[in-house]
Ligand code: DP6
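The chain that follows stands alone, in the form predicted on its own, written as structure tokens.
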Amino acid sequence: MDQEQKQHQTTRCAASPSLALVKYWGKQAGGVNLPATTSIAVTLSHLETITEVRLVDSYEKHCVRVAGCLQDSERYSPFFDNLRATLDHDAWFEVDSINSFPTGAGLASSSSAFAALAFGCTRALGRSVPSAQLSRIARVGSGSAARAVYGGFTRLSAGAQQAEQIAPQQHWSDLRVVIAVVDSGPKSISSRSAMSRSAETSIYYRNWIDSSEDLAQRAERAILHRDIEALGSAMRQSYLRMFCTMFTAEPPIVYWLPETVAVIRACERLRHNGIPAWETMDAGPQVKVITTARWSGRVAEALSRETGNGEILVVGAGAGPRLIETGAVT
């Protein structure tokens, strides 16, 4: 490939979001997106960020569009600066990205977005970097993106610069995640801002940090043994403790809607009737429920009655980023 072609390389790729089962909520000082707590997660199937990356001349600067909307360059500058330093390449990019699921609504779109961006940029440069290095690159854009560069089940340890895979996609093939989208609009406050406010003002934030490692260890053991009840119990405590730091922040952060509470109550009723339906939530009003393939239809039906006009999605464990196409721009 000659120099002109090399400088106009384009890559189209896809990545799926990483759902934290035990939550990453808070950052350590002294680094970029270094997690204060250990998170355990699953990469989701069927939901994707599709990203097209094009190399451009440096004078054009970086340009990122999501669903056609130009993004604030300051949000992406740390990622691109770190990418160039890590790969020792003075590269500049034009990016177009679109999600197959609601953006900025509490469905971990930033994790798939920066995983796809890291993967696409490195491939546009003709590099195929190890997953561990790709995880470090993606983390600078979004802490949870460090996990989304892997398929299956992952751990991002407190203070770590990269995530690691603890089990592949095929490890728990009948696990299902039923997602109740109660409001597809953007969140009232970004996860990043909510995280900072919780850490700075909640009197329960220190307790959250101190209790998180035990929950992460419990969840990891449960995944390795495919024990849905043990996993559900640990992840339920994790999201409730995380939201306690939001409810007690100053001013309080309340993402929950009436439909959110209705879905949580529906999960309680399902478990009472012997059906595995263990919920978790991220910053936002959506509820994600783990169950098995056998019960996923029953769970989806029960949740649909509580969400009004909300969408119900049923997914499983997914793969890491994938290349769709690559070539020279004409």
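Since the model is a prediction, treat every value here as computed from it, not as a measurement. Numbers follow the displayed sequence, beginning with 1.
Missing here is the form predicted in complex with the named molecule; even so, the following discussion is about that form.
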(message) Taking the named molecule in the model of the complex, would 46, 176 and 232 all count as contacting it (heavy atom within 4.5 Å)?
(response) no
(message) Can you tell me if residue 33 lies within 4.5 angstroms of the named molecule in the model of the complex, counting non-hydrogen atoms only?
(response) yes
(request) Report yes if any heavy atom of residue 198 sits within 4.5 Å of a heavy atom of the named molecule in the model of the complex; otherwise report no. (result) no
(request) Look up in the model of the complex whether residue 242 has a non-hydrogen atom within 4.5 angstroms of the named molecule, and give yes or no. (result) yes
(message) Can you tell me whether residue 62 touches the named molecule? I mean in the model of the complex, with a 4.5 angstroms heavy atom cut-off.
(response) no
(message) Can you pick out, from 82, 191, 237, 99, the residue that has a heavy atom within 4.5 Å of the named molecule in the model of the complex?
(response) 191
(message) By the heavy atom within 4.5 Å rule, which residue out of 283, 277, 55, 303 makes contact with the named molecule in the model of the complex?
(response) 283
(message) At 4.5 Å between heavy atoms, only one of the stretches 65 to 73, 263 to 271, 22 to 30, 291 to 299 reaches the named molecule in the model of the complex; which one is it?
(response) 22 to 30
(request) For the heavy atom contacts within 4.5 Å of the named molecule in the model of the complex, list the residues of 134 to 148 involved, in sequence order. (result) 141, 142, 143, 144, 147
